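Before any questions on binding or motion, here is one chain by itself as structure tokens, the form predicted on its own.
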């Protein structure tokens, strides 16, 4: 599973150097629960420690902010530094906003004169740019989804997109409280995903010796429950591999889902 996570990290941060494969990637909002319309700032990075920007910024080319009514919110003050990317979002409607980076496409690797070649792109470009008779050609498809949520006033319903691996929040993602249990469902292409391994890690991992990761496996209905040990920001990640490819040369599809959740005190 760690290997799949690293591949997914490479997919979502396709513009990053290959050294980013062994790190976590994340979005970190300044607030997730707002009593009235206001601004939030979101950091995005690939790092060694959870939510501590110490490696490289995350590319925001695929950033999408979905308002409660389904409309789009334009990010403002986007910037990319040496260690993190950042942007602001003005949340003016009541309800829940989905802030996400979704990438899908094809990855390929092969050799030319013994030297490895790597490629990422769309299925259409794959047919034109990757030689079908390349030596040791390996092809896979990927769908990676990285997101977080913010609510103004009362929370509103969140519907899955129906593509790739997603989390359906049976407990609202902006109504999480330390010491209480929250239930979620993992779905693949909109259908319950059983047997998916889910990892949950509390932030501030830089300041403790153990990662203290919580591990869960979804049941037959794709569901699992988390009892939050303490308040804070949490990173939740799940990865899956199947053979439901759309490109003839691809033998497998790599699916990744990652979300940042805020757990509030009692």
Partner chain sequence: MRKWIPAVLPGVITGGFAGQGLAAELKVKLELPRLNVAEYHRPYVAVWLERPDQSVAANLALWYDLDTKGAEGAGTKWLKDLRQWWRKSGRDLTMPLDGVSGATRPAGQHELGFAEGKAPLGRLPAGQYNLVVEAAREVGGRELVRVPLSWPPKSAQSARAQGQHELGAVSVELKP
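Residue numbers count along the first chain shown, from 1. Source: prediction; values computed, not measured.
Keep in mind the form predicted together with the partner chain is missing from the figure; the text below concerns it.
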property: Among the candidates 40, 62, 66, 34, the residue which, in the predicted bound form, approaches the partner chain to within 4.5 Å (heavy atoms); result: 34
property: Residue among 129, 76, 124, 175 with a heavy atom within 4.5 Å of the partner chain in the predicted bound form; result: 175
property: Residue 154 within 4.5 Å of the partner chain in the predicted bound form, heavy atoms; result: yes
property: Partner proximity in the predicted bound form: residue 180 to the partner chain, non-hydrogen atom cutoff 4.5 Å; result: yes
property: The partner chain in the predicted bound form: contacting segment from 79-87, 139-147, 154-162, 116-124, heavy atom within 4.5 Å; result: 154-162
property: Contact set, 132-149 vs the partner chain in the predicted bound form - heavy atom within 4.5 angstroms; result: none
